[in-house]
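Just the one chain here, the form predicted alone, laid out as structure tokens.
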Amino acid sequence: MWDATGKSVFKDQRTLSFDYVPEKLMHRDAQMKKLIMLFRPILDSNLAQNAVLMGSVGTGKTATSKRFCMDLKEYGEKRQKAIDWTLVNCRQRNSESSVILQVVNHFQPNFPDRGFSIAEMLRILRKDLEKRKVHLVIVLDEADVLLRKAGSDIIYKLTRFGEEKVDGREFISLILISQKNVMEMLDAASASTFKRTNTIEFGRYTYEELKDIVAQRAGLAFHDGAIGEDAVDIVAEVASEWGDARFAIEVLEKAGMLADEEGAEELSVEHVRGAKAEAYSSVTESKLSPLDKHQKLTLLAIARSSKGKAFVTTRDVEAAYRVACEERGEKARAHTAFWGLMKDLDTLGVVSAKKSGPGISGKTTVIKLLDIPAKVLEQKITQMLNDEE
């Protein structure tokens, strides 16, 4: 029977949620300062501004955008400037109409999800903004997914939103968040509203930086004395392979939950090791379960080819893919269809596939695993394929 009376190592587990944003973000001062500099014209001159935040998974892009928007809104209130913000996850809402609908829902939560064209919804949004005399910062998280599926017309419409100005006021600014360079995905008209200098890069966290982040979250989440420095160290070390703060925070929470399951008074190194195994499993499960059989076979080929290598080429992967198909009694797809499978995996964020650069002879595509070790990925895909047969 469920018992909620037992002691817990957690003081406030909410602070380990991906949605939680600390008052102070560790090691993102430079990015925050650049955002403040870029968006100052909103406060000073009612001018819209746009920015692109670019970096790998877990490098603090979304948290920084949220902290910045929260601080901007608060600072605007002190200066009697109405500023608001909303975030749209473009992996969940990857069509033009669903994005605009969510923005309209920010002011009208009960707005119907059918029956209105995009042009009508934009007119309704304009009326809401004019009525409130508010400047809205729209954050499009994982914008590359939206751009791949819907094109860049929505960016053009939102960045040109202020052309019909009222009293010289512009109403919408944009922040695009992406693992990929979205500037290359915008058409000329849309790209013209984004300056190249408005791209802010987020590098992977170092071990020392992750240690500070883990220590900060541990202090917020756990009771005093419930986690030792050695456990903090190993969480940071586990995540430093990818410089991924999101993974570090997930491991920290799972380790606390394992400690509670055992009724332990302190979160130990062994709890961290157990949490790492669980976290790998959940990360891979969420990314891999939607894939079809040939996408999985392609990913299996990438995993096999990637062992001990920083990257592999399309030629390496296609050869391994044909072997994997033969093992499973599947007819391998032709080269063009195989290339489509590769693009699918890149779009879904499971791998990175980019044209080769300097140091690599010939023109080819370089494929990298993003956040799952090759050995772990091979085991997981093999298990999933076995379960399906």
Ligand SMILES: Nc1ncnc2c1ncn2[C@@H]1O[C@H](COP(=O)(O)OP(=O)(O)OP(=O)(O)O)[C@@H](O)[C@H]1O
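The first residue of the shown sequence is 1; numbering continues from there. Predicted, not measured: the structure shown is a model, and the values here were computed from it.
Heads up, the form predicted in complex with this ligand isn't pictured, but that's what we're talking about next.
Segments offered: 102-110, 245-253, 313-321, 297-305. Contacting this ligand in the model of the complex at heavy atom distances within 4.5 Å is 245-253. Within 4.5 Å of this ligand in the model of the complex, a heavy atom is found for every one of Thr62, Tyr205 and Arg217.
Exactly one listed residue, out of Met32, Val57, Leu47, Ala332, brings a non-hydrogen atom to within 4.5 Å of this ligand in the model of the complex: Val57. Taking a 4.5 Å heavy atom cutoff to this ligand in the model of the complex, the contact residue among Val182, Ile213, Val272, Ile83 is Ile213. Met26 belongs to the set of residues with a heavy atom inside 4.5 Å of this ligand in the model of the complex. Although the partner is absent here, Tyr20 lies within 4.5 Å of this ligand in the model of the complex, judged by heavy atoms.
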